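Only one chain is given next, in structure tokens, and it is the form predicted on its own.
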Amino acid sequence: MKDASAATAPDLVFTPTRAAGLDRLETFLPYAGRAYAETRNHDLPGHENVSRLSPWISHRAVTEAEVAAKVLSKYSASTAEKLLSEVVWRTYFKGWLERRPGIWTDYRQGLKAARDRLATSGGLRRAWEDACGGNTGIAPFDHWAGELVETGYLHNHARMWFASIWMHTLRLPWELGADFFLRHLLDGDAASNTLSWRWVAGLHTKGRPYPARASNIAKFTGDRFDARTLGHQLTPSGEVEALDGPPHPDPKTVPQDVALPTGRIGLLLHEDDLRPDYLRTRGLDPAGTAVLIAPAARSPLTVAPQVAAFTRKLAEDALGGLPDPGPVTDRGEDIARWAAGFDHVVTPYAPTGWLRTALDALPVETLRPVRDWDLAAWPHATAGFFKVKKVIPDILDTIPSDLGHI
């Protein structure tokens, strides 16, 4: 067995600037075709085989359209199919949750119930603390817990294994695991996180949970973890049972786009969308700009300091070069004072999640145009990913030809 302690490279650092995200995209571009398709499921030291763009994409400091456009400038759509699908998968999850916002509400209520159990069950609390602290005795799980806390990042395959062990081996409430991720992931996203945990549980695709198998973990981590001993710690048969849950609610209608107003306009960016490229394309010429952030609202528990710092610094960076920059704040009263100087406030559409809740609570009326990228995908986010995958060419057609100059 190889040394599992070498799971992260010294340069696994995410600098909270758009320029750093674009640099990362350029660095990864030579590997975005067949190399990515062949190795993307491998959780390897340093994660050089995957893009590691998610901390910027989740805040749309670098957008999905920019990633797709750059990739398509080098590869054909067929050669880059795997990467393009992964980029669009994030959009699919956002659309799926946006059309079923009750799933987010149910998660938050389930989290409250699970936290109440922590207060009354000493055994559950100890097991939860051991899991969060990487003290379960399950070597890969404990390693991933430490990597997440240290770096704010995990490989996607490791997230699936971790969630499976959390639910199906340790028998911990899935909501507590999803909350642990949100408190530590730099790329924490309400839709991707909630629905991925539900997918592993067998709640998103009903009755089809994802099992963490010892042989699979060993294979895709380069044998850093010994399958012979690990197999005894997981479910011995390698099979797991799906969690019970109610049927999916019927999808709501897709949000409507809105036209830009006239007059003196204030542009309110937010931590879910820090790139006003599509609004500029539509002719927006703001007189001033501010940013709403709400990293502490991810969880009723303490959010990791590096998550809060990354969010704030990335938001501050987004104001660079924009007219009359105003506050970067999580306080509604700050936004209200700033907004008083404008006839209208325009903000990028915020999908279901904690930031949307904060935006809805502002004492300010906002107009929320929807990106063409989302408008092309979300009508098809009614069931599994396949319906959205079929329209990927239509989604890619929304990329502006002058994207690089916006």
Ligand SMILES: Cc1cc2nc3c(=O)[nH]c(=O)nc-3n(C[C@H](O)[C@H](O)[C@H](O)COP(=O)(O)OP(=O)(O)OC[C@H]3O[C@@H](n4cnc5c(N)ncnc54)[C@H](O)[C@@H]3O)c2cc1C
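Start at 1 and count along the sequence shown; that's the residue number. Quantities reported herein were computed from a predicted structural model and do not represent experimental measurements.
We do not show the form predicted together with this ligand, though everything after this point is about it.
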Checklist line | Candidate stretches 187-195, 213-221, 68-76, 133-141, one within 4.5 Å of this ligand in the model of the complex by heavy atom | finding: 187-195
Notebook entry, point to check: From the list 373, 36, 349, 338, which entry has a heavy atom within 4.5 Å of this ligand in the model of the complex?
Noted result: 36
Next item on the list: Heavy atom within 4.5 Å of this ligand in the model of the complex: which of 61, 53, 377, 355 fits that? Just give me the one.
Entry: 53
Notebook entry, point to check: Would residue 156 count as touching this ligand in the model of the complex under a 4.5 Å heavy atom rule?
Noted result: yes
Notebook entry, point to check: Is the gap between residue 180 and this ligand in the model of the complex 4.5 Å or less for some heavy atom pair?
Noted result: no
Margin query: Contact with this ligand in the model of the complex for residue 57, defined as at least one heavy atom pair within 4.5 Å: yes or no?
Written below: yes
Next item on the list: Give a yes/no on whether residue 90 approaches this ligand to within 4.5 Å in the model of the complex, heavy atoms considered.
Entry: yes
Next item on the list: Establish, in the model of the complex, whether 103, 241 and 243 all lie within 4.5 Å of this ligand, using non-hydrogen atoms for the distance.
Entry: no
